[in-house]
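In structure tokens, one chain follows: the form predicted on its own.
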Amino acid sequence: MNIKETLFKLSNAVSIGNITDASVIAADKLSKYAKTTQDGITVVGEMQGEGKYTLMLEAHIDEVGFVVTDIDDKGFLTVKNCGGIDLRSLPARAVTVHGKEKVTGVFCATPPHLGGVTEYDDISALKIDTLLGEKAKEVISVGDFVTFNTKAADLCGSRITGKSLDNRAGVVCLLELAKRLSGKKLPFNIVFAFTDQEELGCRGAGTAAFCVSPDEAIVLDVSFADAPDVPSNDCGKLSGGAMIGMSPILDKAISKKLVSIAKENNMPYQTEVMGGRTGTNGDVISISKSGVKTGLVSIPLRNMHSDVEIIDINDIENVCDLLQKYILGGNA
């Protein structure tokens, strides 16, 4: 499996609401290495190891987007956002409306010459132009989903940009890990879970963890990377390696072991300290049933929840190296 090629496919695909394109790609890849099932957007793969102990490796596969709430007679759409989106970034952005057929639209942008608005308090003030006029209602319905219309692209060196790298970067990392573990003697059972509705409040991982009932879990997500307008104490460094989570809700032994492995093997890593909630699926997995020992590893990402997110492929490989050492070392 080529990591960048697979990530490009996953980034360009869609998984939101009842649209499962990215999940189908991930399930097909995972099925080559693990016993795999798909239920809607959620994908689960199982690898048998020794004993009854089970480690769940989780990454959410859903993405931020929009849902149509109104269609006027001129073909302009009103939408609500599904997940957190910075409204300042939307004017002049191209989107895909998933109606009876796919329609390319554009968020309207009033020219600055005419006193265009620079700040928006309500997404209903932003309209999507479909150019379909009164025919829009024949193709598009209230409740249809809308996603960013951006193709992944190479940047400098090993960096790439695209939509939904939050968290397709985590998904492709676990797919690569599954490939590496395939055929090896595993010290315990491994369950890979690509879950739904993280962007809507960490919903899908809670039900997945309840069904799997793991003894231990490691959540793989993305987190804030350094940028000119981001305080250094609130972010990691792009190309700086795995961001190992530290929080009262996370299992301290898992976090310490991950740091120890990184140090012993001269792997690039950085710590991410949180005072409570992590804002990831670790929050709900850790309290599933009677509680699950949970760790968190994140991939640095710039421009989160936009259609021009940026990650470094080397960071994905470094995270994969860390998790591989953790598992094959029998650290559970």
Partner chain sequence: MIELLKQLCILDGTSGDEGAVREFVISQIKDHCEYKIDNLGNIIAFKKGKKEPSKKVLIDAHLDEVGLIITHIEESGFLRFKTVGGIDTAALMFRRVLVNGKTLGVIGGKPVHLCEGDERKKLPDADNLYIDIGVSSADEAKALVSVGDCAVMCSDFISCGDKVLTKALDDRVGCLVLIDLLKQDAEYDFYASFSTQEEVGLRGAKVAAFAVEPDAAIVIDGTTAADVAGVAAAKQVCRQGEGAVVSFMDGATSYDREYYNAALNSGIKAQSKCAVAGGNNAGVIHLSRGGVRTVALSVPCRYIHTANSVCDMRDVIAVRDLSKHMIEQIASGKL
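These numbers come from a predicted model, not from an experiment. Residue numbers count along the first chain shown, from 1.
One more form of this protein, predicted together with the partner chain, exists but is not displayed; see below.
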query: Heavy atom within 4.5 Å of the partner chain in the model of the complex - the one residue of 123, 259, 249, 230 that qualifies; finding: 230
query: Position in contact with the partner chain when the complex is considered in the model of the complex, options 186, 139, 200, 106, heavy atoms within 4.5 Å; finding: 106
query: Partner proximity in the model of the complex: residue 129 to the partner chain, non-hydrogen atom cutoff 4.5 Å; finding: yes
query: is_contact(residue 304, the partner chain) in the model of the complex, heavy atom dist at most 4.5 Å; finding: yes
query: Close approach of residue 143 to the partner chain in the model of the complex, 4.5 Å, heavy atom; finding: no
query: Non-hydrogen atom contact residue 24 with the partner chain in the model of the complex at 4.5 angstroms; finding: no
query: Contact stretch among 154-162, 186-194, 167-175, 251-259 - heavy atom within 4.5 Å of the partner chain in the model of the complex; finding: 154-162
query: All of 3, 13 and 33 within 4.5 Å of the partner chain in the model of the complex, heavy atom check; finding: no
query: Partner contacts in the model of the complex for 68-105 (non-hydrogen atom within 4.5 angstroms of the partner chain); finding: 72, 76, 84, 85, 86, 88, 89, 90, 91, 92, 93, 94, 104
